[in-house]
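Heads up, the chain below is alone and in the form predicted alone; it's given as C-alpha cells.
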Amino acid sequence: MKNGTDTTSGAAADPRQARRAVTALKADLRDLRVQLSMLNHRVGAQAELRDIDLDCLDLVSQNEPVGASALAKLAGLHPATLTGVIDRLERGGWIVRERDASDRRAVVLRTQPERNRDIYRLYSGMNGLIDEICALYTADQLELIAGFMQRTTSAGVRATAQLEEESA
C-alpha cells in the first residue's frame, strides 16, 4: 500500500476519498473535452472546415486508406450526410478519392499530405504545450497516463455503441 492506495487493485483505502477523487477526475475530463472542442473549433475555422469535416479528416488520416462506409461507421454518420462531408473535403483539397487496388469498383479516401501540413501547423501550439507537460513526467508515469487515456477512450466507444443501440 502506497499513499493510501492499494496498488494491487487500484482502489483507495478510504472509499470517500476515492469517490471524491473520481468525481474530480470526471470534472477534469469534462473540462478537457470542452477545451479540446474549443481548440478544434478554432482550428477548423482557420482551416475553413466545419467541426464534423475536421473530425472526418482526422478519421481519414488515422485510418487511411478508408472506404466511405467504414468512415461513416467510424464517424457515426448516416452515409448521405457523410457524402456531403467527403465532397467538401475533396473540394477543399484535403482528401482524394482513389480506386481501391484490390477492388477497382470500390473507392477509398486518402488525405493530401501537403494540406495536412496546414492542420499540423494550426495544432503546433498545443503540441508544443503537451510536450512541455509530458517533460514533467517519467516514462513510467506517462505509460500509466497513456493506459488511462486508452481505457477511457475504449469506454467512450462502448458508451457510444450503447446509446446507438438504445436509439435503434
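These numbers were taken from a predicted model, which means no experiment stands behind them. Residues carry their position along the shown sequence, with the first being 1.
We do not show the form predicted in complex with the DNA, though everything after this point is about it.
Asks: Can you work out which of Q62, S102, S37, N127 has a heavy atom no more than 4.5 Å from the DNA in the predicted complex?
Replies: Looking at Q62, S102, S37, N127 one by one, just S102 meets the 4.5 Å heavy-atom criterion.
Asks: By the heavy atom within 4.5 Å rule, which residue out of R110, R121, R50, R115 makes contact with the DNA in the predicted complex?
Replies: The option sitting close enough to the partner is R50.
Asks: Counting only non-hydrogen atoms and a 4.5 angstroms cut-off, does P79 reach the DNA in the predicted complex?
Replies: So P79 counts as contacting the DNA.
Asks: Any of the heavy atoms of S69 lying within 4.5 Å of the DNA in the predicted complex?
Replies: Yes, contact at 4.5 Å.
Asks: In the predicted complex, does A106 have a heavy atom within 4.5 Å of the DNA?
Replies: Judged by the heavy-atom cut-off of 4.5 Å, A106 is in contact with the DNA in the predicted complex.
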